[in-house]
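Encoded as structure tokens, the following chain is the form predicted on its own, with no partner shown.
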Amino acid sequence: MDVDLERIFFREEDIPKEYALLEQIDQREFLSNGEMLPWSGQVSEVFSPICVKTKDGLKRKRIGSYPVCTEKESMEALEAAVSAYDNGRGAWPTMSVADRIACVETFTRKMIEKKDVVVKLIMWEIGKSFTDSIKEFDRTVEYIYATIDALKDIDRDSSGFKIEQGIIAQIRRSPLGVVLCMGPFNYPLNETFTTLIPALIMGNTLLFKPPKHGTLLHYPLLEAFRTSFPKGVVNTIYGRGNKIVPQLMQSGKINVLTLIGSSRVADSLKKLHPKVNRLRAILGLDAKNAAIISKDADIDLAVSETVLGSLSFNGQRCTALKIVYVHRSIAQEFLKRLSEEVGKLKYGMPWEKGVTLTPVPEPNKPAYLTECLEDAKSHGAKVVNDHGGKTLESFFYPAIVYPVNSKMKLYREEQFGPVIPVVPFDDLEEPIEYLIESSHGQQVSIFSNNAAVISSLIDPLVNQVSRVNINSQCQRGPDTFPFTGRKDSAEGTLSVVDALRSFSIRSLVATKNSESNKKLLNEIVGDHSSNFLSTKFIF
């Protein structure tokens, strides 16, 4: 197959109208303290990874701009969140669970009204296929409703009183305070909302910083946030993260840091907080998920799952397979079939039907991946698939690299792109040792039809990673399953239920079991004078 990367790019006038943005979005306002505040200062231009053909060659298409705010605006947003929380006495943290749920439901209805523009912005900002952009939006809405249902279950379970050893108590969950929420570019809506929504619905107030790539898509939702929640509950901050975030952390007023991104960034931010014991961190960080393909694996299945696991959204997923261990006896057959299947993948623009491989959003990513390939070649590896590593502007054609060894960048570094490093092994102890020595510990995939082989890997590996997948790629879902990692891959656990627990703490009201105290409790509950101490049942 010949790979003509020039042909995948369109002229401006040839872009199908149903996928085009109606106009560039130049954001000149941000949400802070319940108001959409105007911005006339510095802005950051947003250029899509989708290039267009011009008389001067390929050019990234400009799709808009957003504010580059300063420390002043960020600190004002922080003060708004602190004021809205008001040491736990604000309207939002003291609101009943049923009323908070109603606010989130109102927001979700307004969010759905913006689906068309948000989906297009996901596609244009990060190059995700139109089909997958729709899936991301729909999955996010499903996640919100699942979170609401999970909170109802938790609240129903907490609606009664317990009597133990002469003490009457009601145990519920209460918020933690002000949350700084920072999401990733690869799932800029879904991954951001898997922390933002549970933090919000549990009664916390928020500072929300959109990702660098994937900022504009949140703009159409700001008015929905403003009109669905009390003043100061949701505040957006814009600007250079290394400028505005340190001061926020140094203030000591951030109670929860939630970040999906780099462990290096997370470590540096946590160290800035002056009261580290008061800071809760909920982090989704680096991962270098491995596949282990034994000599008795179903090669066709291993190949198909490796293609999906390593190249879905160009391999730009924390759960992607980023290194593949294959038994030496089947390595050549595996590489042959893997190369054939990669060669069948459709590449092109995100709106094209059936497209799998699209431009990558990070401007420096093709150069970094090329550097990784050259480094691997210098240490004895080859790119084994036709056209692997061919680049043009924002597009990088997938490369299968073999044999990878410990001297290469691809052995340790998380490439976060369409490169598949393959390592041959003779003894299962080799991939086990790799995972033991790795600083990452998110997931692993085991491919084998031999129960004894699988069981011999399960027991050591469940103590190295948080999820062991058998004959399937690594993945986050279903959203009801725990999602976390060991070592430098995560802190805290996210899933629909776990996230609600992560952004709250168990609190209780207790008293001695006496007639006078029982009368007091009945009076409070009967008068509905407390939102916390309540036997209301949410359906």
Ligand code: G3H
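Quantities reported herein were computed from a predicted structural model and do not represent experimental measurements. A residue's number is simply how far along the shown sequence it sits, counting from 1.
Keep in mind that the form predicted in complex with the ligand is not shown, yet the notes after this line are about it.
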**Prompt:** Counting only heavy atoms and a 4.5 Å cutoff, which of 475 to 483, 42 to 50, 65 to 73, 510 to 518 contacts the ligand in the model of the complex?
**Reply:** 475 to 483
**Prompt:** Pick from 318, 291, 126, 234: which has a non-hydrogen atom within 4.5 Å of the ligand in the model of the complex?
**Reply:** 318
**Fill in**
Partner-free chain; cross-checking the ligand in the model of the complex, the single residue of 120, 139, 409, 390 with a heavy atom within 4.5 Å is 139
**Message:** At 4.5 Å between heavy atoms, is residue 396 in contact with the ligand in the model of the complex?
**Reply:** no
**Request:** Would you please decide whether residue 187 lies within 4.5 angstroms of the ligand in the model of the complex, comparing each non-hydrogen atom pair?
**Result:** yes
**Message:** Within 4.5 Å, heavy atoms only: does residue 286 come near the ligand in the model of the complex?
**Reply:** no
